[in-house]
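Have a look below at one chain only, the form predicted alone, in structure tokens format.
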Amino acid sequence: MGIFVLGYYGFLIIASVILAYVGWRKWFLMVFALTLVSFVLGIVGGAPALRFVAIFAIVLAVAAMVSFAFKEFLVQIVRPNIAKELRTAPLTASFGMFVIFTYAIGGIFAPLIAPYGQAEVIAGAFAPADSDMLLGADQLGRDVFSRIIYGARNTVGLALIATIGAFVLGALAGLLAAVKGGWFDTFMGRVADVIMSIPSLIFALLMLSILGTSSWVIVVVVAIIYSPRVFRLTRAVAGNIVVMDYIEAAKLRGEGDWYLIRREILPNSTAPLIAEFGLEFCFVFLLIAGLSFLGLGLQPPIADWGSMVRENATLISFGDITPLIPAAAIALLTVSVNFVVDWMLHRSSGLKEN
């Protein structure tokens, strides 16, 4: 039995005893459960399996520490009422906010961070990584690292614009349908049903094949696809508000529809709409990445994570994980946004932590 294995088990056992002694029950259960799992993995997989578990645990510990530090940083710089809410955020939500902040910085300052341009050819096809190219080159000799940085601007930026468009269309229609009611409410509901009845990917492929694959066409098509989801939620939330007494009082005062929407309905429906915005962004982001993978998203030479996976897929046959990096970037952002959305939904539901 190697020194690493003895040290690994010794550390876990000593940590479990200390945590049990000081009464940190949750941490004790977590560490001791890891100890039991490690015994099984050690028997089945030996030292390599334990090294994998150790690396995974270290990565989780570092992510937890960074998330905690980022939350404390936000608490110190924001207003007191917002800081009070941030203190209740779990580490998962803090991690999500940190990842979103990192992607935003990468996208905004991409020309300053990326060592090369997104279309600049600097080496031979599939050149290996070196001191000048951290992740090597793609099939045309472009720096993969630089293209991933620019992809944060292009892919995420396009998804954000499309999500805003879907929200403007869907939320506006939902609010008007709730306030006006009658035939307008029925008509908008049937339009939303028709659009939602068509599979989103098939609808997008059909429209992009007809209208072309320019950025603005993608934004408009994706916004139309996902606006019915926003319409349904907004109509449901606003429908519960328009029957309140203060809405009736405002109508008796002679207030118009826009006043009711701006001053009465929107302030009381902000939390679920913000949470829905995060969920819609994830759907839109994944759809745009999928379209790019199929060749109907952002077109070359623009760097896009979906197309980067397709272009470099042949490297997987040679044991190179470079094509998985943009895929991992897509997955990481999606999971991070969901972490933040889960926390916001928990807050808006009124549930309290035990």
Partner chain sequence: MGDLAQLVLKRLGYGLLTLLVVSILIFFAVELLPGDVAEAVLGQGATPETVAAMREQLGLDRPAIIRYVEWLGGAVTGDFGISAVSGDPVMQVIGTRFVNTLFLAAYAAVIAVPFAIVLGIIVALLRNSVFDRVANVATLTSISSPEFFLGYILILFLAVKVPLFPAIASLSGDMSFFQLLERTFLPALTLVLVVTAHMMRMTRASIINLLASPYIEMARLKGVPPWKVIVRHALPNAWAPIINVVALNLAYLITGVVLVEVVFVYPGIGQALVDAVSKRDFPVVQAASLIFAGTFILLNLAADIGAILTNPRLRHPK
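Note that the structure is a prediction, hence the values are computed from the model and not measured. Residue numbers count along the first chain shown, from 1.
Just so you know, the form predicted together with its partner chain exists too; it's not on screen, but the next bit is about it.
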- Heavy atom within 4.5 Å of its partner chain in the model of the complex: which of 103, 73, 203, 116 fits that? Just give me the one. 203
- Note on the structure: As a check of understanding, the residue in 54, 41, 63, 313 with any heavy atom within 4.5 Å of its partner chain in the model of the complex should be identified as 313
- Message: Since only the chain is shown here, I'm wondering whether residue 31 would be in contact with its partner chain in the model of the complex (any heavy atom pair within 4.5 Å).
- Response: no
- Item | Heavy atom of residue 17 within 4.5 Å of its partner chain in the model of the complex | no
- Query: in the model of the complex, does residue 215 have a heavy atom within 4.5 Å of its partner chain?
  - Reply: no
- Heavy atoms within 4.5 Å of its partner chain in the model of the complex: does residue 198 have any? yes
- Message: Taking its partner chain in the model of the complex, would 25, 58 and 149 all count as contacting it (heavy atom within 4.5 Å)?
- Response: no
- Exactly one listed stretch (137-145, 151-159, 187-195, 105-113) reaches within 4.5 angstroms of its partner chain in the model of the complex by non-hydrogen atoms, and it is 187-195
- Listed by sequence position, which residues of 82-111 have a non-hydrogen atom within 4.5 angstroms of its partner chain in the model of the complex? 92
